[in-house]
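Take a look at this single chain in C-alpha coordinates; it is the form predicted alone.
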Amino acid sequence: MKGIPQQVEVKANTKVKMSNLANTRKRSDYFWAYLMIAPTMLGLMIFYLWPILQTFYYSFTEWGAFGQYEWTGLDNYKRMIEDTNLIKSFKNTGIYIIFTVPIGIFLSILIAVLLNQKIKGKSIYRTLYFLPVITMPAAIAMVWKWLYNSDYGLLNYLLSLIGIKGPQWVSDPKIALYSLIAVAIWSGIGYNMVIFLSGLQGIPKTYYEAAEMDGAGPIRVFFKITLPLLSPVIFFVSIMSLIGAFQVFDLIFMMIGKSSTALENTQSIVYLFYQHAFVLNDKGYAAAIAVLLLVVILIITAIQFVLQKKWVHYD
(Lines give C-alpha, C1' and ligand atoms only; values in the text may rest on other atoms or scores of the structure.)
Protein backbone atom coordinates (compact mmCIF):
# COMPACT_ATOMS: atom_id res chain seq x y z
CA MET A 1 0.00 0.00 0.00
CA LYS A 2 2.97 2.32 0.54
CA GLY A 3 3.73 2.29 -3.19
CA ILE A 4 0.33 3.74 -4.13
CA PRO A 5 1.02 7.35 -2.97
CA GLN A 6 4.33 7.25 -4.82
CA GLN A 7 2.57 6.16 -8.02
CA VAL A 8 0.00 8.94 -7.63
CA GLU A 9 2.79 11.45 -7.11
CA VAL A 10 4.64 10.22 -10.20
CA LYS A 11 1.47 10.50 -12.30
CA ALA A 12 0.84 14.01 -10.99
CA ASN A 13 4.38 15.06 -11.82
CA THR A 14 4.05 13.55 -15.28
CA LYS A 15 0.83 15.51 -15.89
CA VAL A 16 2.52 18.72 -14.75
CA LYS A 17 5.48 18.11 -17.05
CA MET A 18 3.19 17.34 -19.99
CA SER A 19 1.16 20.47 -19.26
CA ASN A 20 4.31 22.59 -19.12
CA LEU A 21 5.53 21.01 -22.36
CA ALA A 22 2.19 21.74 -24.05
CA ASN A 23 2.30 25.36 -22.87
CA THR A 24 5.86 25.70 -24.13
CA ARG A 25 4.87 24.32 -27.53
CA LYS A 26 1.85 26.61 -27.59
CA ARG A 27 4.00 29.66 -26.86
CA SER A 28 6.45 28.51 -29.53
CA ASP A 29 3.62 28.17 -32.05
CA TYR A 30 2.37 31.66 -31.19
CA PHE A 31 5.88 33.05 -31.55
CA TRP A 32 6.41 31.57 -35.01
CA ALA A 33 2.89 32.55 -36.10
CA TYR A 34 3.42 36.19 -35.11
CA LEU A 35 6.88 36.12 -36.67
CA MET A 36 5.44 34.94 -40.00
CA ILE A 37 2.71 37.58 -40.13
CA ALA A 38 4.99 40.36 -38.83
CA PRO A 39 6.15 41.53 -42.31
CA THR A 40 2.55 41.79 -43.53
CA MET A 41 1.39 43.56 -40.38
CA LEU A 42 4.36 45.92 -40.57
CA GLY A 43 3.57 46.70 -44.20
CA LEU A 44 -0.09 47.36 -43.37
CA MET A 45 0.87 49.70 -40.54
CA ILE A 46 3.42 51.63 -42.62
CA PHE A 47 1.57 51.85 -45.93
CA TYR A 48 -2.08 51.87 -44.79
CA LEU A 49 -2.66 52.67 -41.12
CA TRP A 50 -0.07 55.44 -40.81
CA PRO A 51 -1.19 57.28 -43.98
CA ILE A 52 -4.80 57.12 -42.75
CA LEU A 53 -3.81 58.68 -39.43
CA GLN A 54 -1.72 61.30 -41.24
CA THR A 55 -4.59 62.17 -43.57
CA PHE A 56 -6.96 62.53 -40.64
CA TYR A 57 -4.51 64.86 -38.90
CA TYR A 58 -3.80 66.92 -42.03
CA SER A 59 -7.54 67.43 -42.56
CA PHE A 60 -7.41 69.88 -39.64
CA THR A 61 -4.56 71.90 -41.15
CA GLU A 62 -3.95 74.46 -43.89
CA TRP A 63 -0.93 74.07 -46.12
CA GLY A 64 1.26 76.81 -47.50
CA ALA A 65 4.37 76.99 -49.62
CA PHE A 66 7.40 74.69 -49.12
CA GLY A 67 5.36 72.06 -47.23
CA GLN A 68 4.54 74.27 -44.25
CA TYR A 69 1.18 73.88 -42.56
CA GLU A 70 -0.68 75.20 -39.54
CA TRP A 71 -3.53 73.89 -37.41
CA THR A 72 -6.92 75.34 -38.40
CA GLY A 73 -9.32 73.08 -36.55
CA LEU A 74 -12.64 72.41 -38.28
CA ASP A 75 -12.24 75.11 -40.93
CA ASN A 76 -11.81 72.61 -43.77
CA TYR A 77 -14.96 70.74 -42.77
CA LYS A 78 -16.93 73.97 -42.44
CA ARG A 79 -15.71 74.93 -45.89
CA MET A 80 -17.24 71.76 -47.32
CA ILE A 81 -20.75 72.91 -46.51
CA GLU A 82 -20.48 75.85 -48.91
CA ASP A 83 -18.34 74.12 -51.55
CA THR A 84 -20.53 73.73 -54.65
CA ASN A 85 -17.80 71.78 -56.44
CA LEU A 86 -17.84 69.15 -53.70
CA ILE A 87 -21.62 68.83 -53.88
CA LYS A 88 -21.43 68.57 -57.66
CA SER A 89 -18.72 65.92 -57.40
CA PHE A 90 -20.86 63.86 -55.03
CA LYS A 91 -23.76 64.16 -57.47
CA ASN A 92 -21.59 63.03 -60.39
CA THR A 93 -20.22 60.13 -58.37
CA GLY A 94 -23.74 59.15 -57.31
CA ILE A 95 -24.95 59.05 -60.92
CA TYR A 96 -21.86 57.04 -61.86
CA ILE A 97 -22.57 54.52 -59.08
CA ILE A 98 -26.30 54.21 -59.84
CA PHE A 99 -25.55 53.16 -63.41
CA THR A 100 -22.28 51.23 -63.21
CA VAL A 101 -22.93 49.03 -60.17
CA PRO A 102 -26.40 47.56 -60.93
CA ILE A 103 -25.92 47.32 -64.69
CA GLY A 104 -22.42 45.92 -64.31
CA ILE A 105 -23.59 43.25 -61.85
CA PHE A 106 -26.59 42.33 -64.01
CA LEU A 107 -24.52 41.92 -67.18
CA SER A 108 -21.79 40.03 -65.33
CA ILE A 109 -24.32 37.53 -63.94
CA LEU A 110 -25.95 37.13 -67.35
CA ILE A 111 -22.64 36.47 -69.11
CA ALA A 112 -21.43 34.16 -66.32
CA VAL A 113 -24.61 32.07 -66.55
CA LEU A 114 -24.27 31.82 -70.33
CA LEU A 115 -20.58 30.87 -70.15
CA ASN A 116 -21.34 28.30 -67.47
CA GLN A 117 -23.35 26.30 -70.00
CA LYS A 118 -21.97 23.60 -72.27
CA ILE A 119 -21.10 25.67 -75.32
CA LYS A 120 -18.25 25.42 -77.79
CA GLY A 121 -15.32 27.77 -77.34
CA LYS A 122 -16.39 29.06 -73.93
CA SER A 123 -12.74 29.30 -72.85
CA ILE A 124 -12.14 31.74 -75.70
CA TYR A 125 -15.16 33.81 -74.69
CA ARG A 126 -14.01 33.88 -71.07
CA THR A 127 -10.59 35.09 -72.16
CA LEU A 128 -12.04 37.81 -74.37
CA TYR A 129 -14.29 39.11 -71.62
CA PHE A 130 -11.41 39.08 -69.11
CA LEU A 131 -8.91 40.89 -71.35
CA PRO A 132 -10.00 44.43 -70.31
CA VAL A 133 -9.27 43.50 -66.68
CA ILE A 134 -5.57 42.84 -67.35
CA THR A 135 -5.27 45.86 -69.64
CA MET A 136 -3.90 49.08 -68.18
CA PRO A 137 -6.68 51.61 -67.45
CA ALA A 138 -4.71 54.28 -69.29
CA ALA A 139 -4.64 52.12 -72.42
CA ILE A 140 -8.38 51.49 -72.17
CA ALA A 141 -9.06 55.20 -71.75
CA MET A 142 -6.92 56.14 -74.76
CA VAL A 143 -8.57 53.57 -77.03
CA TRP A 144 -12.07 54.65 -76.02
CA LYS A 145 -11.11 58.29 -76.35
CA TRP A 146 -10.21 57.57 -79.96
CA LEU A 147 -13.48 55.68 -80.47
CA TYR A 148 -15.40 58.62 -78.99
CA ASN A 149 -13.59 61.26 -81.06
CA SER A 150 -16.20 63.49 -82.67
CA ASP A 151 -14.15 64.12 -85.85
CA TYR A 152 -12.55 60.79 -86.77
CA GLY A 153 -13.80 58.35 -84.14
CA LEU A 154 -15.15 54.95 -85.13
CA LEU A 155 -18.53 55.42 -83.42
CA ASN A 156 -19.36 58.64 -85.24
CA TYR A 157 -18.12 57.13 -88.49
CA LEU A 158 -20.52 54.20 -88.14
CA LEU A 159 -23.35 56.58 -87.30
CA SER A 160 -22.53 58.66 -90.38
CA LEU A 161 -23.03 55.60 -92.56
CA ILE A 162 -26.72 55.61 -91.66
CA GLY A 163 -27.07 59.37 -91.92
CA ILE A 164 -26.77 60.26 -88.22
CA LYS A 165 -24.42 62.96 -87.03
CA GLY A 166 -22.65 61.66 -83.97
CA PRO A 167 -22.45 63.72 -80.78
CA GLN A 168 -19.35 64.94 -78.97
CA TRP A 169 -19.12 61.99 -76.64
CA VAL A 170 -16.55 63.27 -74.14
CA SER A 171 -16.80 67.04 -74.57
CA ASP A 172 -20.55 67.53 -74.38
CA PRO A 173 -21.42 68.20 -70.69
CA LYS A 174 -24.79 66.49 -71.10
CA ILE A 175 -23.50 63.07 -72.20
CA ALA A 176 -19.82 62.96 -71.21
CA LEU A 177 -20.51 61.29 -67.87
CA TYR A 178 -22.64 58.59 -69.49
CA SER A 179 -19.88 57.95 -72.02
CA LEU A 180 -17.52 57.28 -69.12
CA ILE A 181 -20.13 55.04 -67.50
CA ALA A 182 -20.30 52.90 -70.65
CA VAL A 183 -16.52 52.43 -70.62
CA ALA A 184 -16.54 51.56 -66.91
CA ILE A 185 -19.24 48.92 -67.37
CA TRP A 186 -17.44 47.41 -70.36
CA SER A 187 -14.08 47.23 -68.59
CA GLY A 188 -15.45 45.85 -65.31
CA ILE A 189 -17.64 43.01 -66.60
CA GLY A 190 -14.77 40.53 -66.97
CA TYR A 191 -13.60 40.69 -63.35
CA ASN A 192 -17.10 40.26 -61.90
CA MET A 193 -17.87 37.54 -64.44
CA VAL A 194 -14.98 35.38 -63.17
CA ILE A 195 -16.19 35.75 -59.57
CA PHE A 196 -19.75 34.84 -60.52
CA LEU A 197 -18.48 31.87 -62.53
CA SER A 198 -16.70 30.51 -59.46
CA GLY A 199 -19.90 30.98 -57.47
CA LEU A 200 -22.00 29.21 -60.09
CA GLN A 201 -19.61 26.28 -60.24
CA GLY A 202 -19.86 25.95 -56.47
CA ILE A 203 -23.61 25.31 -56.57
CA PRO A 204 -24.31 21.54 -56.22
CA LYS A 205 -25.74 20.00 -59.38
CA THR A 206 -28.20 17.96 -57.31
CA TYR A 207 -30.38 21.05 -56.92
CA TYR A 208 -30.68 21.41 -60.69
CA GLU A 209 -31.33 17.69 -61.13
CA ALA A 210 -34.13 17.79 -58.56
CA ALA A 211 -35.63 20.89 -60.23
CA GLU A 212 -35.49 19.19 -63.62
CA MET A 213 -37.31 16.15 -62.22
CA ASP A 214 -40.02 18.46 -60.86
CA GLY A 215 -40.44 20.01 -64.30
CA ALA A 216 -39.10 23.48 -63.45
CA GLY A 217 -38.17 25.65 -66.43
CA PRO A 218 -34.86 27.51 -66.84
CA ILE A 219 -36.29 30.87 -65.72
CA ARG A 220 -37.81 29.40 -62.58
CA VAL A 221 -34.60 27.50 -61.84
CA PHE A 222 -32.61 30.70 -62.18
CA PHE A 223 -34.78 32.72 -59.76
CA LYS A 224 -35.50 29.92 -57.28
CA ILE A 225 -32.13 28.14 -57.18
CA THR A 226 -29.31 29.98 -58.93
CA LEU A 227 -29.99 33.51 -57.69
CA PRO A 228 -30.56 32.63 -53.99
CA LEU A 229 -27.48 30.39 -53.84
CA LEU A 230 -25.46 33.04 -55.66
CA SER A 231 -26.56 35.81 -53.28
CA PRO A 232 -23.39 35.71 -51.09
CA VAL A 233 -21.29 36.26 -54.22
CA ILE A 234 -23.60 39.04 -55.39
CA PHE A 235 -23.25 40.68 -51.98
CA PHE A 236 -19.46 40.54 -52.17
CA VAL A 237 -19.36 41.90 -55.72
CA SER A 238 -21.80 44.69 -54.87
CA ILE A 239 -19.61 45.87 -51.99
CA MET A 240 -16.41 45.77 -54.03
CA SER A 241 -18.07 47.42 -57.05
CA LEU A 242 -19.53 50.19 -54.90
CA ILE A 243 -16.18 50.95 -53.25
CA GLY A 244 -14.46 50.92 -56.64
CA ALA A 245 -17.08 53.23 -58.15
CA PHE A 246 -16.59 55.73 -55.34
CA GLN A 247 -12.88 55.83 -56.21
CA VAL A 248 -13.21 56.40 -59.96
CA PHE A 249 -10.45 58.67 -61.24
CA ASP A 250 -8.36 57.27 -64.09
CA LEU A 251 -11.07 57.36 -66.77
CA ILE A 252 -11.90 60.98 -65.97
CA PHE A 253 -8.24 62.00 -65.85
CA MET A 254 -7.37 60.33 -69.16
CA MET A 255 -10.51 60.97 -71.20
CA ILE A 256 -11.70 64.42 -70.08
CA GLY A 257 -9.39 67.34 -70.77
CA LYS A 258 -8.47 69.71 -67.96
CA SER A 259 -9.91 72.61 -69.93
CA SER A 260 -12.94 70.69 -71.19
CA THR A 261 -16.38 72.18 -70.60
CA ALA A 262 -17.54 68.71 -69.55
CA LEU A 263 -15.12 68.48 -66.62
CA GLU A 264 -17.51 70.07 -64.12
CA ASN A 265 -20.19 67.51 -64.98
CA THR A 266 -17.85 64.51 -64.85
CA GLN A 267 -15.38 65.13 -62.03
CA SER A 268 -15.68 62.68 -59.17
CA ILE A 269 -14.83 63.05 -55.50
CA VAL A 270 -11.40 61.49 -56.03
CA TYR A 271 -10.74 63.78 -58.99
CA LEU A 272 -11.63 66.80 -56.82
CA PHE A 273 -9.24 65.46 -54.18
CA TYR A 274 -6.52 65.23 -56.84
CA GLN A 275 -7.09 68.82 -57.93
CA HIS A 276 -6.82 70.23 -54.42
CA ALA A 277 -3.90 68.02 -53.41
CA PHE A 278 -1.64 68.18 -56.47
CA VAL A 279 -2.83 71.09 -58.62
CA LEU A 280 -3.96 73.74 -56.14
CA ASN A 281 -1.58 72.58 -53.36
CA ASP A 282 -4.48 72.75 -50.90
CA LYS A 283 -3.53 69.54 -49.14
CA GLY A 284 -5.42 70.27 -45.94
CA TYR A 285 -8.74 70.54 -47.74
CA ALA A 286 -7.82 67.54 -49.92
CA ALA A 287 -7.22 65.47 -46.77
CA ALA A 288 -10.63 66.54 -45.46
CA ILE A 289 -12.23 65.35 -48.72
CA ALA A 290 -10.46 62.00 -48.37
CA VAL A 291 -11.68 61.61 -44.78
CA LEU A 292 -15.23 62.47 -45.84
CA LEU A 293 -15.07 59.90 -48.64
CA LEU A 294 -13.81 57.27 -46.19
CA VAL A 295 -16.66 57.98 -43.78
CA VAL A 296 -19.26 57.81 -46.57
CA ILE A 297 -17.89 54.47 -47.82
CA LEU A 298 -17.85 53.05 -44.28
CA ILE A 299 -21.45 54.13 -43.64
CA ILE A 300 -22.78 52.72 -46.92
CA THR A 301 -20.84 49.47 -46.42
CA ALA A 302 -22.25 49.14 -42.90
CA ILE A 303 -25.77 49.65 -44.27
CA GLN A 304 -25.12 46.94 -46.86
CA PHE A 305 -24.03 44.52 -44.13
CA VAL A 306 -27.22 45.23 -42.18
CA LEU A 307 -29.51 44.84 -45.19
CA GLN A 308 -27.80 41.68 -46.44
CA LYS A 309 -29.46 39.69 -43.65
CA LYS A 310 -32.77 40.06 -45.51
CA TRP A 311 -31.69 38.77 -48.92
CA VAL A 312 -28.38 36.89 -48.67
CA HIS A 313 -28.69 33.13 -48.15
CA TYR A 314 -25.64 31.36 -46.76
CA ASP A 315 -27.25 27.92 -46.40
Partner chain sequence: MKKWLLMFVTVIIGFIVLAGCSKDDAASSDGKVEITYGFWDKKQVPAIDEIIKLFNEKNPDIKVKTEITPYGQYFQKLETAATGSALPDVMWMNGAHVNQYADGKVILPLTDLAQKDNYSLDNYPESLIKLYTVNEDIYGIPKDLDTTGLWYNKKIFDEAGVPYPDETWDWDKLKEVAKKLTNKDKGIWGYAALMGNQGGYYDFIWQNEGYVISEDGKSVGFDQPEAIEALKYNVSFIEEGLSPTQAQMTETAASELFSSGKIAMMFDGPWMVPEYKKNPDVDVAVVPKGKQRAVAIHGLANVIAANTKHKDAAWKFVQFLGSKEAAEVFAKTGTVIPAYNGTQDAWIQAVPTINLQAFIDGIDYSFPLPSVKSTGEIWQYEIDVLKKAWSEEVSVEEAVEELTKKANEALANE
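Everything quoted here is computed from the prediction, not taken from an experiment. Positions refer to the first chain, counted from 1.
Absent from the display: the form predicted together with its partner chain. The rest refers to it.
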Three-residue site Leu42, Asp151 and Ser260 fully in contact with its partner chain in the predicted complex at 4.5 Å by heavy atom: yes
Residue among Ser241, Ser171, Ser187, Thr226 with a heavy atom within 4.5 Å of its partner chain in the predicted complex: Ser171
Candidate stretches 121 to 129, 206 to 214, 151 to 159, 107 to 115 - the one whose heavy atoms come within 4.5 Å of its partner chain in the predicted complex: 151 to 159
4.5 angstroms heavy atom contact with its partner chain in the predicted complex for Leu49: no
Exercise: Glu264 in contact with its partner chain in the predicted complex, heavy atom 4.5 Å: yes
Close approach of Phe56 to its partner chain in the predicted complex, 4.5 Å, heavy atom: no
Contact flag, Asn281 vs its partner chain in the predicted complex, heavy atom cut 4.5 Å: yes
